[in-house]
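For reference, the chain that follows is the form predicted alone, supplied as structure tokens.
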Amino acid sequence: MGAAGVDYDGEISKQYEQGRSLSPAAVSTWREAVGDLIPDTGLIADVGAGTGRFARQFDLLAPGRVLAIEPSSGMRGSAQRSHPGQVIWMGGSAERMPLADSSVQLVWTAFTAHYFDLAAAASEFARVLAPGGQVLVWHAFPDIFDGLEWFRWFPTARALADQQGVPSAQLVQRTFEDVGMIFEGRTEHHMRIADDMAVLADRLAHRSISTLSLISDEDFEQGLTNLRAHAAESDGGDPVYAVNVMLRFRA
């Protein structure tokens, strides 16, 4: 599991938290989205957990029950060094999880669907889910790309995202239904990702979004310069939001 050309064991693992951490406002939106869906008992698997930004939030709501599954040793190491705690970290991927059959009540995966072999991941999620368990897929699907503010400043990153073949929400739904899962709905959640454009520029400067790490240094620096100039002209501007989509499935 990984985007072609992105070395998640390298520099991005060191910068990920600075560029992709969840603000208190974003956490509040996330809790509104998932709070009622967290099972009272049983294990929760965060698949493609990165440095654990969502795994840690799950652990606050379901302490001692969270498994963070991440293929990159660099990302796992960064998480364990910066946020030691009771989240259980495991090497593995969506297509091959180190979990027993019917062993978890909830599978969560965020901003990862474009890395998966979807059919293999769907089969694996179905295998590890206990009867009645849920899958929550949280993603930026292509139909909301036009609403992502940062793509405006980095057009080559937008073009790269289009070329990477990010799956549509409809394709994810069909693939998961093909392995017997029941689709329970789609919701959209407006996450506050920065207090203003200047803060957005500071976050993006870490290049912790995979497409930003893959575009040329020249394109990246030009986009960041343009964004910072706009922020200065508008005195920062208003808070910046991004639409996140959640698909819900049940075994």
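Bear in mind the structure is a predicted one, so any value in this text is a computation, not a measurement. Numbers follow the displayed sequence, beginning with 1.
One more form of this protein exists, namely the form predicted in complex with a small molecule; it is left out here, but the text below deals with it.
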Within 4.5 Å, heavy atoms only, which of 172, 87, 106, 94 is in contact with the small molecule in the predicted complex? 94
Exactly one of 110, 181, 148, 130 has a non-hydrogen atom within 4.5 Å of the small molecule in the predicted complex; which residue is it? 110
Which of 65 to 73, 215 to 223, 183 to 191, 196 to 204 sits within 4.5 Å of the small molecule in the predicted complex, heavy atom basis: 65 to 73
Within 4.5 Å of the small molecule in the predicted complex: all of 47, 50 and 115, by heavy atom? yes
Indicate whether the small molecule has at least one heavy atom within 4.5 Å of a heavy atom of residue 249 in the predicted complex. no
Contact label in the predicted complex: residue 58 to the small molecule, heavy atom within 4.5 Å: no
In the predicted complex, is there a heavy atom of the small molecule that lies within 4.5 Å of any heavy atom of residue 20, even though the partner is absent here? yes
